[in-house]
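Quick setup: one chain, the form predicted alone, written in structure tokens, and binding and motion questions come after.
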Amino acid sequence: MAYEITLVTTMAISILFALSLNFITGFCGQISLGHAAFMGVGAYTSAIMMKADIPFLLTIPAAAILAGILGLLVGFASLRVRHDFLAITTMGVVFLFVGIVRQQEFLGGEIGISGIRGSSFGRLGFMAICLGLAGAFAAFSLLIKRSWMGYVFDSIADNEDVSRILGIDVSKYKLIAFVVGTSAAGIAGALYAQHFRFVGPDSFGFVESITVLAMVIVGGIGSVWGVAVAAAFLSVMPLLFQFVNDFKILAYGALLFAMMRWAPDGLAGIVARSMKKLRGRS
């Protein structure tokens, strides 16, 4: 039973993390290659606070706020760049984060922070918290996607210049997407710290940023349920199949290549086309 609880908890954290990037990349079209840095900020914030005997639940809003502040700063710096230049800018954030963490002794340096105490909720209770937060953010994402703000995000993702002509404050909504997405990543980081009882610089590097981007692309950029399914599957695949874990990056790279070549709209697009064919036959 403990193994199943661990799997479900890992899936829930990954779903929240992937949906946080989907809010930025999928909804607003802002490509981020450094999203793991924001999760790292949340994880280190929670770890340090729990080391100081602060209750776990109080570390969650703190992690969200600090990650959101960093997201706001990165968002401001990214307002003048687009597409490839935006990707390079955000990629620099994750390298900067890892470099700073490695040099700071109070953050554990190269070794990281271990011995993080467990919460009083137990494994089952913590799993319920992770599922609840992931489900809440998924519901929030769906609500935004179907609201007027979702249409604003779609317009910005399609063409920023036309959106400005229509009177949309593009900078404002890009910053909103960045802050919301990075804050959610910070919450995922706090859950990560509690789940694994350890945080280190290697846990939030460029590879992790590419991994979460793979979850978004495989699920279908902008699709809430598609990204959730892809995140759940890809997060536990290395745990269920050891050979995948040994060649994780190779496997993810091959999967990304296959999806971009034959199904660029991800699982959501595959299901949508299949449903359309079934309706056409009926």
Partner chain sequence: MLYLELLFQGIVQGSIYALIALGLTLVYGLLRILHVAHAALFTLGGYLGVIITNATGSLALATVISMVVVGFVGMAVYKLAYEPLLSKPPFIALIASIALFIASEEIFRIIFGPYGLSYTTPPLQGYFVLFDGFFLKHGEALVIVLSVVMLAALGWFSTKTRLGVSWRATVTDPDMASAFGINTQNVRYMNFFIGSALAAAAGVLVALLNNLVEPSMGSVASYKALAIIVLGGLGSIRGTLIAAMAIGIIESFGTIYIGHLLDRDALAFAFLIVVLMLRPQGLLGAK
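Treat the numbers as computed from the prediction; the structure is a model and nothing was measured. Numbering follows the first chain given and starts at 1.
Below, we turn to the form predicted in complex with its partner chain, even though it does not appear here.
Student: Under a 4.5 Å heavy atom criterion, is G253 part of the interface with its partner chain in the model of the complex?
Tutor: Looking in the model of the complex, residue contacts with its partner chain include G253, since a heavy atom lies within 4.5 Å.
Student: Can you work out whether Q103 and its partner chain are in contact in the model of the complex, taking contact to mean some heavy atom pair no more than 4.5 Å apart?
Tutor: Yes, Q103 is a contact residue.
Student: Using a 4.5 angstroms cut-off on non-hydrogen atoms, would I249 count as touching its partner chain in the model of the complex?
Tutor: Answer yes; at least one heavy atom of I249 falls within 4.5 Å of its partner chain in the model of the complex.
Student: With the partner left out of view, is I60 within 4.5 angstroms of its partner chain in the model of the complex by any non-hydrogen atom?
Tutor: Because no heavy atom of I60 falls inside 4.5 Å of its partner chain in the model of the complex, the answer is no.
Student: Which of these stretches, 120 to 128, 184 to 192, 87 to 95, 157 to 165, has heavy atoms within 4.5 Å of its partner chain in the model of the complex?
Tutor: Selected stretch: 87 to 95.
Student: Considering its partner chain in the model of the complex, which of V170, A138, M149, A77 comes within 4.5 Å of it through any heavy atom?
Tutor: Here the answer is residue option A77.
Student: Which of these residues, I217, I48, L70, V229, gets a heavy atom within 4.5 Å of its partner chain in the model of the complex?
Tutor: After the contact test, the surviving option is I217.
Student: In the model of the complex, which residues of 197 to 224 put a heavy atom within 4.5 Å of its partner chain?
Tutor: The stretch 197 to 224, when checked against its partner chain in the model of the complex, contributes F206, I210, L213, I217, I221 at the 4.5 Å heavy-atom cut-off.
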